[in-house]
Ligand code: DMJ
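One chain follows as structure tokens, the form predicted alone.
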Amino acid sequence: MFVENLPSLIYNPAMIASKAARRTNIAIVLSLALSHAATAQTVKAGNVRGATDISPDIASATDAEMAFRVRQEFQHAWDGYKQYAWGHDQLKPLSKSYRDWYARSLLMTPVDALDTMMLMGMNDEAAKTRDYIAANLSFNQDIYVKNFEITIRMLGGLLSSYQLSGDKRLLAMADDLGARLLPAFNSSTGMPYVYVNLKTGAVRDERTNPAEVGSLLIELGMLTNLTGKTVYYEKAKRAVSELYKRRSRIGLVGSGINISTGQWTDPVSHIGGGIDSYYEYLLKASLLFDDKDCQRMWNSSIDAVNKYLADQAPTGFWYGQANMNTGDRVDNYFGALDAFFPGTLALSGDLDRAGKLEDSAFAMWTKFGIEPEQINYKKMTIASNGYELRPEIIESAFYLYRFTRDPSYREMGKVFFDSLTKYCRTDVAYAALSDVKKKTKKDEMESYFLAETLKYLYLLFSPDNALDLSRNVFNTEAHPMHRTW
């Protein structure tokens, strides 16, 4: 399936002695993981098993049985999409209808879900879906699309599925889409506008956030490496560099920025939604592309994040909110989107903080039977009470299991699976929750549930050869990018 004898993501051994290199060296990460696994405390697994009442058949299931069950649930949700929303962006599982993001469908769910099918071995279904996408998806549409969302979902999905299948039609579509998104970068700073018209190249909305500016380099960098067109990487690299240059004197970024003036519009710093994947992509671009600038930016950024945002509270180890200029604590919120950070910390080699933060996130999940969108972690009370079928806590468990071999992370996965099937499963698919206390469903199933949530859950219980982490880097939508150069 993949090109043979590719270089793994390991840096020059001469760099190993430095503290900075340890954070971004896959070989060191694996070494730390083995050491951590050898000394893992069995009490953690006991705590996980005692944290909530798991269905007996799930509690006793083997890893192979769990992977099979996750695959079955993917099939269930995919069948519901096909029956009630085929040809549209996403399923509305309660009304058994559909929602399109724009005036015309971009086939978001099929594109987003395609590489999950291939990783799960659903080859016939994947082939039919590829053919349908190739025959019916056109980006020559007079619609304004959100650059960030279309990049991570659509461009990322096309690139990943091309690499997994070798279907050149998907690469051609990715190249076409990438070219149509480039006008978004035509600002005075080089940071992208929020929306771009796919047909005319017109742009709008100059007020954005670090995640939407800094989470494009993985996809556009892959497009450069697969097509040879350097403009893609150059545009995305300039954008993230311009954002980094505007960090505060203590090394933090804020929640909002104007890409025309370069001025911050919101000084609150955190690791959650609106900033999250900016940090993620600094690390991942340094790994995937061996980009020393991104490595340097990650190293200085994580130092500031750990200094000013990390918070050891009586309720656990968390990351909260602070003023980007002073470092003063602003709020004590942590939520479903923040739960990506244990995985990123683990990928960087910081397994100690990663493990402690995942334990805290898991406590957030089990306290309410399923995680709320956001809590006040000092009070352990709900600040935003929905559950959007999010994948981040499962993503982190996947990374931590791979790097530590601590079985408690697979035990966590059983809890996540049990909660999803108990509270979110419907007769045709899965539905988000409007209230995690009452477990009331709402009429939404985002495409990322198939692209991310079930993919990470499947990989958590699968053998390592299902996805080689030394040769692949996930984008923030869980589309694996395979290094082929």
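For every residue, the number given is its place in the sequence shown, counted from 1. Given the structure is predicted, the values throughout are model-derived calculations rather than measurements.
The same protein also exists as the form predicted in complex with 1-deoxymannojirimycin (DMJ); that form is not shown, yet it is the one meant from here on.
- Although the partner is absent here, L357 sits far enough away that none of its heavy atoms falls within 4.5 Å of 1-deoxymannojirimycin (DMJ) in the predicted complex.
- Although the partner is absent from this view, M117 stays clear of 1-deoxymannojirimycin (DMJ) in the predicted complex, with no non-hydrogen atom inside 4.5 angstroms.
- Using a 4.5 angstroms threshold between heavy atoms, G221 stays clear of 1-deoxymannojirimycin (DMJ) in the predicted complex.
- Using a 4.5 Å cutoff between non-hydrogen atoms, Y458 does not count as a contact of 1-deoxymannojirimycin (DMJ) in the predicted complex.
- For 1-deoxymannojirimycin (DMJ) in the predicted complex, the listed stretch (431-439, 447-455, 65-73, 418-426) containing residues with heavy atoms inside 4.5 Å is 447-455.
- The single contact residue among G178, P210, G343, P391, judged by any heavy atom lying within 4.5 Å of 1-deoxymannojirimycin (DMJ) in the predicted complex, is P391.
- Think of it this way: in the predicted complex, 1-deoxymannojirimycin (DMJ) has a heavy atom of just one of K414, R153, H270, K284 within 4.5 Å, and the residue is R153.
- In the predicted complex, the residues of 265-302 lying within 4.5 Å of 1-deoxymannojirimycin (DMJ) by at least one heavy atom are, in order, D276, S277.
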